[in-house]
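Shown here is one chain on its own, the form predicted alone, set out as structure tokens.
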Amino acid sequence: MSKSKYAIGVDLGGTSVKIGIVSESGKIIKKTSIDTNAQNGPAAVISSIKNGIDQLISKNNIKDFIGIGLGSPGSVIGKKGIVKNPPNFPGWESVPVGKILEKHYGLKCSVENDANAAAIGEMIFGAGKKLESFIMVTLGTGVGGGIIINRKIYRGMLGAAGELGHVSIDYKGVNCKCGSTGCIEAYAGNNYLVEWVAEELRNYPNSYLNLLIKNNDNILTPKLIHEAAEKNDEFSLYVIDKLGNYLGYALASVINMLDIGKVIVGGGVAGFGDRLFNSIESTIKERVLTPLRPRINVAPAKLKNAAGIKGASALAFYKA
């Protein structure tokens, strides 16, 4: 790590940009959130990022920044800092965000896909601090992933490695927005999960979950499923177990390929807790090659709600 003590972390989302000043120990000194203005095109988004950074810098006396880290949806050519075709960003094809921010602030700007940034964040600040290699899974609107091998992020040829959400668990399965079928994202992504639960819930009229949603599928969320599960609702517990099975099927294939036994799970749906982690782990152990089974371990991410900002800032501290 550099002798400089602070980095600026930028978590670029479709609705808001979350930005923080983070110390090399992983403490968020100050943070802010600003509208992305994605609907107005790339120039408006970059203006939002600059405005957020300027707000933070103007309100703090910190001068010795090591650099800027930015986690973004979409494909990222990391070394060049180019973000390509992020979903929900109209008119954005290929933008050299890293170079633009470097030129404006005179600081090195490291850019990664948001799931890769989460993996690096866990390696630098979180559950992966003592691990040489692990697989990171992020559960949210979609299913993302990052692969750490020997303390290095594995990017692949085009920077798109780690797309765990598009590992197929059923070649005749449901359609995924990526154009393939049976992708784990089409079972475990928030929207897909809620849609499936709403349909299945009709077969469980006595489920506590029906009371929580007042028979209105439109307000169903993973948080409510978790709330019902905490009341030992049979259907909601079944949902969490099934979700763990699906994720375990996908991860078993990845683990057989990579020979990495440690899995870290983050994102909103990871809030289902031990029940989900145990289901994932037991399913993996049933399906991986026998010599790998004793080394399988599934654990929660540690950065939680701070994952976006801390993961982004970790890019500035990380030496690829």
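Since we're looking at a predicted model, the values are computed, not measured. Don't overthink the numbering: it's just position in the shown sequence, from 1.
Although it is not shown, the form predicted together with a further copy of the same chain is what the next lines describe.
- Proximity to a further copy of the same chain in the model of the complex, defined as a heavy atom within 4.5 Å, holds among P205, G156, P87, G91 only for G156.
- Residues within 4.5 angstroms of a further copy of the same chain in the model of the complex, judged by any non-hydrogen atom, belong to 158-166 and to none of the other stretches in 188-196, 106-114, 229-237, 158-166.
- A residue is said to contact a partner when one of its heavy atoms sits within 4.5 Å of a partner heavy atom; R295 meets this definition for a further copy of the same chain in the model of the complex.
- Under a 4.5 angstroms non-hydrogen atom cutoff, a further copy of the same chain in the model of the complex lacks A43 among its neighbouring residues.
- Not displayed here, a further copy of the same chain is approached by K172 to within 4.5 Å at the level of heavy atoms in the model of the complex.
- Mapping the unseen interface onto this chain, D274 falls outside it, with no heavy atom inside 4.5 Å of a further copy of the same chain in the model of the complex.
- In the model of the complex, Y249, S253, V254, N256, M257, L258, D259, I260 are the residues of 249-276 with at least one heavy atom within 4.5 Å of a further copy of the same chain, listed from first to last.
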